[in-house]
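One chain is shown next in structure tokens, namely the form predicted alone.
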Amino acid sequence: MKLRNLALPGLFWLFVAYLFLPLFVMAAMGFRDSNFVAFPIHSWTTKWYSEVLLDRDVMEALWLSARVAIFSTVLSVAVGLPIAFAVARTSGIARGLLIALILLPAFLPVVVSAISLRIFIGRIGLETGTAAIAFGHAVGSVPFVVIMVLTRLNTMGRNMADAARNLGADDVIILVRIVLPYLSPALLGAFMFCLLLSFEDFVRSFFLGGFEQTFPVLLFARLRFGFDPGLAAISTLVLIATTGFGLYAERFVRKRSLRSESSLTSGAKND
């Protein structure tokens, strides 16, 4: 009986080690005082971290990835929000078909999606580069925006909009004063999720970037010449930054959601 009780926790911690042990090894390699990655580490140094921060190519690639992530996220939210509204107004078979069609880019193999986008942008005359990468990333992010907004919309009662309409509010006021504030946790969550999704998207960036290299593409290009402690250092810094951003985003969205629900509850009690 004791063995059975210990089996599940043991499997859990084994899975945790499988996920995180390579990350700790990578972080440790960034402190190795040698040009090669190997164990054991006889001497430690922080020079690799200072060197990558002064590497112009790395900083330009990070800045390009940040710009692309912002542009693609704004585009995906701008497109996904009205699509979610349209889906919310449908029901039955039409609703299921619409959701399946919208989710298709998320289930397609990324390589197939990237090649299709490369052919498409060639047809419409869009050159490879920042705009093409942002467009490709937005295509992959829109399904997640639609699902997150639609999930939040499904919890919104129609009585809120009906009550506002009975008090003389038009559709624009209802959208701005009621619907969008209620959807703000989902919109913020979708925005931050799409930022992270775009930042780490390698395949679409590789096919659509041309001569412009985002950070994942630059990392791949340097890996072809071997893995050195400098790559481990910059990867560790990016991992820490994205993890911190993700944790902050999750906490911020949760607080915003609780605040929104509490305000709605207090408003209903006052009514």
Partner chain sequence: MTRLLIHLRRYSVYRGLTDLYARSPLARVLIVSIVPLLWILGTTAAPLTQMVLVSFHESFPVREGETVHWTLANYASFLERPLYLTAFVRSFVFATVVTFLTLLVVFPIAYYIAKVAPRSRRTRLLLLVVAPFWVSEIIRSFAWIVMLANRGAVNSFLSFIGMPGTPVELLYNNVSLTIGIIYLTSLYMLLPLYAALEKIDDNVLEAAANLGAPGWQRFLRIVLPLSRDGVVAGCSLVFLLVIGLYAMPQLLGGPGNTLFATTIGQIFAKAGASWPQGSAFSIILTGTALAYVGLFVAIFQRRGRGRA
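Values in this document were obtained by computation on a predicted structure and should not be read as measured data. Residue numbers count along the first chain shown, from 1.
Heads up, the form predicted together with its partner chain isn't pictured, but that's what we're talking about next.
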- [ ] Would you please decide whether Trp63 lies within 4.5 angstroms of its partner chain in the model of the complex, comparing each non-hydrogen atom pair?
- [x] no
- [ ] Decide whether Ser116 counts as a contact residue for its partner chain in the model of the complex under a heavy atom distance cut-off of 4.5 Å.
- [x] yes
- [ ] State yes or no: in the model of the complex, is some non-hydrogen atom of Val58 no more than 4.5 angstroms from a non-hydrogen atom of its partner chain?
- [x] no
- [ ] Evaluate Gln213 for contact with its partner chain in the model of the complex, applying a 4.5 angstroms cut-off between non-hydrogen atoms, and reply yes or no.
- [x] no
TODO: Could you check which residue among Ala94, Leu126, Met156, Leu108 gets a heavy atom within 4.5 Å of its partner chain in the model of the complex?
DONE: Leu108
TODO: Between 185-221 and its partner chain in the model of the complex, list the residues on our side with a heavy atom within 4.5 Å.
DONE: Leu196, Glu200, Phe202, Val203, Phe206, Phe207, Phe215, Pro216, Leu219, Phe220
